[in-house]
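Below are two forms of the same protein chain, given as structure tokens: structure 1, then structure 2.
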Structure 1
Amino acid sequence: MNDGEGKTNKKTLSRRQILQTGSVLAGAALLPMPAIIGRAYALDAKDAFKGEELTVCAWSGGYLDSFKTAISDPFNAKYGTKVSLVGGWDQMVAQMKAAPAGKPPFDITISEEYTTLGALAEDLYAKTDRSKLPQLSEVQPFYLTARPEAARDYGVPLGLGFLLPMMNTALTTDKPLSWSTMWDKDLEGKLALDAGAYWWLIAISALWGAKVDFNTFYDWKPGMASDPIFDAVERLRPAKYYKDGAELSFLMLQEQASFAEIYSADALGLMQNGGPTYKTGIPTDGTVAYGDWYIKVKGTQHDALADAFLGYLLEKETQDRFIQVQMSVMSRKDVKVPTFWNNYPVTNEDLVKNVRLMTMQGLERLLPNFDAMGERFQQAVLKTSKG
């Protein structure tokens, strides 16, 4: 054995090499740690979420199907997670309130202004660290400026939902797609109006029937000497007051109504089922809207994954996919608008001009008279409905 030869052939590790290898290994091991402990921008460490479950509550009906196809399924495919969806609306706050502490029924929930107001009053939502969401810089300023300062730290805006007029031109002469058309004599007995969330119809009646501003709507009080808003509601002659999207679809497809107030969440599905004679879009004189915000629920056991999901909602690819299957307006400035969208508000100025968001500040003023408004609405239904 030759020591000198042996020395030349044998691979030895220098101190420097050992240190280099060690630091690479340590670095690799540490990479997912911030996400595991929930302090870093979670998508940096997607492997940490593999197999993890997340329950997201979104609007039920057609919206939920679209959300699954365009958002939750691709998210699961990309990150190996198990995001499951539940449908909801008015029961969401009750479900969160009734759930035991630390075991919320969902980790993230959709939330418009009315739900947000109720949930925040009951302290049911968790804040989101906005510094971890660089995509927010691509969001139209309208979304944040329309929200009170105290609510801006909760969740992210995916977009806007609308109340839209929908007309079946096979059953009525083609008329302008405007809310004022609802008061047209030709449409008496042909309207499908929402009685479930009655305040939306009242808002429409205030702005386009009574031609008063939103403040008049927010400050409505029972027993007012002059009540132009309900005078306008009582001039409407519906075929039926519907209670949910399924009933509205039935009324339209059964040809019991030719003009409806419809929520954007249901609009595209009904247009596709109804055929080319169905017409909808944001009227040139504007419409009333609600924010489709997604907010983390307090007590979620999947905080980092929830943050990752909220970030994913703000991605351009996500919003481009969603707008192809839903008649929403997306929060990003740069989405690719599909051809079926009539009068899409492309710029922030369009949003300000054409969209009357039912704001949280306004609803705060309305809520003390909310029950009285509901009772007054029932009187209006008795006067205007067929039975």
Structure 2
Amino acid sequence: MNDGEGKTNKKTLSRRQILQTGSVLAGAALLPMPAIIGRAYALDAKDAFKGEELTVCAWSGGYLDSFKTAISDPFNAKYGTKVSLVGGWDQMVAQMKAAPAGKPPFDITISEEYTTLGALAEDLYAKTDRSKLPQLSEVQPFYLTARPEAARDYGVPLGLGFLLPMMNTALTTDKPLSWSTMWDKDLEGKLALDAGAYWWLIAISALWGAKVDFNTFYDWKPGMASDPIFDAVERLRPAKYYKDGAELSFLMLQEQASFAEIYSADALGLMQNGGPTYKTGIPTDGTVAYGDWYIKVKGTQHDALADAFLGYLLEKETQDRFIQVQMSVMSRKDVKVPTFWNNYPVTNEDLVKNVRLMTMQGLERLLPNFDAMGERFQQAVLKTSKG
């Protein structure tokens, strides 16, 4: 993941910490329940938290701007609080671990499966009292069933982020919006691919013989006699491996690339800048997702306000606003889907069919070979970039 516009520069520190501390599924169950502070929630009593501060960590870049506009600013305006935002990617695990006891760097943090696995293994999260969140009944079952039982009491799902194919139809004519289009001979030298992402490798593994649960991806080992994932990567001939969302925007808008894989956090802005010929969305062959969970950090001095904010994230009005400015899939069943969303998974069945989530259990299987996979990926990048 990167530090700005796209999720690119994946760090290795936290996964090494995970390997040193052992399985989260065993350790997470031992985390203590935080004390329940006897105060009214902001959603029940408007002045209960007036003037109180809360720091929330969200994905950096355009996502952070969308979160401020659609979520934290309206919350502050309604309840008189002082919620402030900081941006981050997976360095938040190291930040929380390095902080003094009782003084976490933020009170609530966003977390997908990778960072959740690391943070739970380090005992950095506080449990969420789900009995105080009646809004969870409006969340699609997919979000909880895709999570290990030992992790379900930590935080709430705002939605999902995605890896999506994007194309400029003025240059690709009638090519389908599909991952398979990446291998179209007409697009050799016209692709833009993330130089440090593993998410699109999962999309490739799904196309090249993996099951929906990504066994081919999770079971990858260095030196395999048959390596269908990287064999497929090396058949690609991209124009450029981009480093971040800003570089990708330049490549697409300057027509140096006509087809790209893009993170949903960057997709809406690039579509709006590119105009009506730009097309993206979940393709018919499905796509890869990561969970956008917001979780209370252990040691917060704003426990009750943090719980109130988590509840606010699950409200229909909150999610209706956010989906208008960010190409996320929201966790609620009843959000108003904007017209720009192509093939939005409206039902739980749609999510099961079209969304492939890198699960926490799968990551545990993958982590012992993660660094070796990174080295193999770089070899493939060097080879294909010469084409």
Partner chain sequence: MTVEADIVPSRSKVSAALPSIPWLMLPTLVFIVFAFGWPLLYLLRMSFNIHPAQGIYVEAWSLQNYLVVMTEPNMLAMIGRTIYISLVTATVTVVAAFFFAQFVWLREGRNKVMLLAIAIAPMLISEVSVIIGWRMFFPSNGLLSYALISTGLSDQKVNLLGTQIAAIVGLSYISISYCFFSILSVLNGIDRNLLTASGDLGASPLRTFFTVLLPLSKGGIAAAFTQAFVFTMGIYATTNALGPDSLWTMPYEIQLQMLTRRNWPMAAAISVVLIAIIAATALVAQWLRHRKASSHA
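FYI, numbering is relative to structure 1, first residue = 1. None of the values given here were measured: they were computed from a predicted structure. What we label the rigid core is the largest C-alpha set whose atoms superpose within 1.5 Å from one form to the other.
Only structure 1 of the pair represents the form predicted together with the partner chain.
Superposition of the core reveals a Cα shift of 2 Å or more for residue 172 between structure 1 and structure 2. Put the two forms on the same core and the Cα of residue 255 is off by 2 Å or more between structure 1 and structure 2.
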